[in-house]
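Same chain, two forms, each on its own as structure tokens: structure 1, then structure 2.
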Structure 1
Amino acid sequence: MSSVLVVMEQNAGAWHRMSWETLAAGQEMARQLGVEINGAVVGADVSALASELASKRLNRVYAVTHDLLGQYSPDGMTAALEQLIRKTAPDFVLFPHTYQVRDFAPKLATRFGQTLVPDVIGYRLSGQDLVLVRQLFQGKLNADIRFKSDGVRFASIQAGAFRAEAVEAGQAQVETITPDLNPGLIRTKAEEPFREAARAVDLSAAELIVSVGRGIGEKENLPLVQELAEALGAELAASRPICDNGWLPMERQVGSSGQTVAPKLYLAVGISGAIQHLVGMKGAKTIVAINKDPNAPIFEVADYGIVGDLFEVVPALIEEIRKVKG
């Protein structure tokens, strides 16, 4: 039976939120293709995650388990997934386009003589095949990509391209797969992950984000947006120039070189919206832009906009929010 396989990402027992977006994409594609949809989760002990995944509309959940998969390594992950794919022979393998996936998925596709289509933003059906859409030149152009060779097709899905809420519930059976791995296979030696800043911020988990850009002018003006973030109960984020200047720590940077976020609200203050920034936040459900330039690209993605001087608009906004929130 033909099938789509979605490889979910988990880190230390917690799902990567983009996994659900990719699962939503996979469910939709599988339905349209009229094929099975299966999910996989990889790790040392993934029984709890596999049970949770089994409550989604999937034909099967593969719990790919091995002690050597407890800590991520490109060699271990590639070998484990290669064995799973050879055994289950899916037609399409989908990944969330995370940092980890970028680190191993091209290697995995190469094992099959295939080329991964990375960072996919959409697709259309073409007979029993998919034509995938991805961006070129940092979002200035799009390209439709067609698979030309036979065999398994690999693709990774951009953050925010599909909605995690669209994942359908169901019931799947869990199949535990123990790949044949040995320690000699893993050539890299990884140490414990660490953070450099004392204050840890997980912007990807934030529901509301107020983000500040060059328009703020000087570091001394930052308390204004901090006050706005506090009034909303939002996390404070920034575009690259703000962090490059050292006005805010790098961990608060949103964009292609920072974090990718998909909050319920993204309020961009004084951010023009260079594509490097847009790729990091355009998956937000509601985007608001406050900018003095009506032609700023941020208005290409914003749902609501106020064209004006942020130093007049933001204080007024803080006041109005406080009125509503009481």
Structure 2
Amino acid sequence: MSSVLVVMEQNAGAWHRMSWETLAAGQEMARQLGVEINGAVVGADVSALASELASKRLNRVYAVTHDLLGQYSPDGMTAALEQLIRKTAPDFVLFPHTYQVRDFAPKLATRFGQTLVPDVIGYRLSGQDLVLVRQLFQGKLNADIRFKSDGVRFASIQAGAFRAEAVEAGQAQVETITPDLNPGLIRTKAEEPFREAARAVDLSAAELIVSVGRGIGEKENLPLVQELAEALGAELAASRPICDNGWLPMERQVGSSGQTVAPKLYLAVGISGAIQHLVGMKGAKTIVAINKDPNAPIFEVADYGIVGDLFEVVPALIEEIRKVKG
């Protein structure tokens, strides 16, 4: 029977948050295609994770376990998933677009004579065909991708393109699969963890973000925006010019060359809205922009816009927030 397989990512027994966004995409896609939706989790001991995953709307959960899968390696992950896919024969395999997936998924797709469609932001049905949508040239263009060949098709989902809270609850059976692996298959040894796990701040996990741009004028003015972030209980982020100048560390940069975020609230202060920045934050549930230029591109994506001098607007916001919070 036709199906969609969502491969969830976990690290040391903890889910990568983008896995839930990908599961939301998979559930929606399977419903529109009228096919089954299954999930998979890979590791040395994933029984607890598999049980949690089984509480979502899935037909089946595959717990792919082996001692050699305790530490990530592209060889082990590719071999394990290749065996799972050949056994279950899904039509589509979806991954979260993480550093780990970028490492092994193209290799896995090649095993099936296919290419991975990366960083997908959406999809639509064209007759009986599924058309995937991804961005080109740092978000300046959207491209429609159609599959020409038959067989299993592979895609990764961009952070923030789907909402994790949209995942539907349900009840699924868990099937444990032990792939045929041997130590000689693993040719690499992991050293440093992925950069996203080493960051002092993970903006991708923040629910509230206050982000500052070059409209702040000088580094000495940053405490004003920091005060706003603290009043809201939000993380402080920035556009590239702020980090390039060394006013804030690079780990707080949002955009195509920084972090991709999808908070419940993204408050952009003095950010004009260059496409490189919009790519990193357009997945926010609510976007509020403060800018004195009424024609700033940021207002095209903002849910709420305040045209005014940030040095007048921000202190007033801080005062009102503190009043509301008591």
Partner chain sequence: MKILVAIKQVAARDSQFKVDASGHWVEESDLSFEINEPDAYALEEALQLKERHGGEVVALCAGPARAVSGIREALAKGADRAIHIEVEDLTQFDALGVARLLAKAAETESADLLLTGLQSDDLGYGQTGVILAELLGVPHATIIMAVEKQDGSIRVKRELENGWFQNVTLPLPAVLAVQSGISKLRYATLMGIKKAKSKEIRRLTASDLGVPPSLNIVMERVYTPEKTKRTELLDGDPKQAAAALVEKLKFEARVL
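Here, rigid core means the biggest group of C-alpha atoms that superpose within 1.5 Å across both forms. Predicted model, so just to flag it, every value in this text is computed and none were measured. Along the sequence of structure 1, residues get numbers from 1 upward.
Here the chain appears twice, and structure 1 is the form predicted together with its partner chain.
Taking the rigid core as fixed, one finds a CA shift for I216 of 2 Å or more between structures 1 and 2. Fitting the two forms on the rigid core leaves the C-alpha of D244 displaced by at least 2 angstroms between structures 1 and 2. Put the two forms on the same core and the Cα of G43 is off by less than 2 Å between structures 1 and 2. Taking the core as reference, the C-alpha deviation of Q276 between structures 1 and 2 is 3.0 Å.
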